[in-house]
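Only one chain comes next, encoded as structure tokens, the form predicted on its own.
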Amino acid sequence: MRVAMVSYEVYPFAKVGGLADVVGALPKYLERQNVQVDVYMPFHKKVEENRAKLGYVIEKISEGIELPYVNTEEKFDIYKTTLPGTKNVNVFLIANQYYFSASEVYAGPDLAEQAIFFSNGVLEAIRKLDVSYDVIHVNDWQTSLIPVYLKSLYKDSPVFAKTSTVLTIHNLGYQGLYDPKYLKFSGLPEYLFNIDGLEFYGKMNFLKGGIIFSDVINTVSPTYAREIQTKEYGEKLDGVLRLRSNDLYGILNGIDYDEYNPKTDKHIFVNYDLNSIELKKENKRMLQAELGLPQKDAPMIGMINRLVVQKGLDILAEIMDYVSLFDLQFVLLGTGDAEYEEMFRKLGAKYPEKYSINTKFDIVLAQKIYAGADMFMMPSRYEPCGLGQMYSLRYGTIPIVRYTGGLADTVKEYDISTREGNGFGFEGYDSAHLLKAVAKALYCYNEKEHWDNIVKNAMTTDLTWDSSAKEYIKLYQRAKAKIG
């Protein structure tokens, strides 16, 4: 089987969020199961910046390629490299100075035009390379027009005669809603702008197009696959998703055990594993010193998040003064909405002995928090999968979560009587339930026998990509069966 995996971000070349981690890791595990994978991504400015840091080799293999359908005179070049940690996973980069020269991944002259240019560019790159894929696996709204192109303008192209499509929805909250004028720019047929196609409350909805035209759809946890078919979580696409329910699956993300391993992680202060778990306290002590917190054995709660309302910050805000009454420390890392950045900065100023507020993006500090904190906070309103709780479990840092989406699929409530479970959580979305979950975690922290047991449960939770990769292979086979 040969698969083209298409994504706007891929670790380590360019990373903004969890999507990059997924597409940077899943091909490794598919390769180990004899699936031939090629990755397609834009040649962002970040890719060039990271090449200088990481030293990977990129070569130009083709240039000056025109787009036959998009209403632009811009052309693109194709560059090639290899995904680190793999033997034969090619990464093809679509390069264009106008569209992909912004300093940030999701920035530039026009995000809708960028997505259209890239989507059509991927298909033209495949034609130029003359490669026949069994499956083209697209991710999120930025690449969701690829299945639309394939089912319309490219339906008679020989190179795609036996190509099926899989769409992975990483977060339904981001759909790519734009003015209908972009349909003309894309060159797609005008008849697609209707309620059964790309039209969505008078706008053009890129993700809706992918949902309708892909052969198979999946999202990143079984619970989220069920949730998005309801009005509460469906973001006004629940009706469309229910229509495709027979082709909609939930596959839990994994994490790359080569990258996230407390025994070998070069970013943390002291390496450790389950057999040397006492060294985890050294990481906390040194993290406290780095952040200017008192060096004492108080429980430390870490939080690494985008500071947006989706992450449960509204209910967290209601309890922070109460949380400060406990003998604990709270370390935040993240950026986002100005109101939440300001809220946390004020808390840091109010409780300087207890709170360390770091409103920035810092990969190294993130790893130090995963290793040094005792608990990890994720009270999300909704969470398609979540990777933070997986990283924290891997490092023996106990998650406190709201049981939604992938959080419900990975974190199991610790039971004092049976000693089973790897974390703490709540279901009702309100501050009282969150505060109760925090209190339960703090109680168990002070009961050493229970805490040692829950840390063991956390670090032995299977979070690898191995089983998930097998599920993706089944998904590809289902998609192939639709083409024949």
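Note that the structure is a prediction, hence the values are computed from the model and not measured. Counting begins at 1, following the sequence as shown.
There is also a form predicted together with a small molecule; it is not shown, and the following applies to it.
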item	value
Segment assignment from 190-198, 359-367, 230-238, 156-164: heavy atom within 4.5 Å of the small molecule in the model of the complex	359-367
Listed residue (I217, A125, V323, M378) with a non-hydrogen atom within 4.5 angstroms of the small molecule in the model of the complex	M378
Single option in L316, V105, I304, I212 placed near the small molecule in the model of the complex, where near means a heavy atom within 4.5 Å	I304
Any non-hydrogen atom of G386 within 4.5 angstroms of the small molecule in the model of the complex	yes
Interface membership of N261, the small molecule in the model of the complex, 4.5 Å heavy atom rule	no
Proximity of S152 to the small molecule in the model of the complex, heavy atoms at 4.5 Å	no
4.5 Å heavy atom contact, G17 and the small molecule in the model of the complex	yes
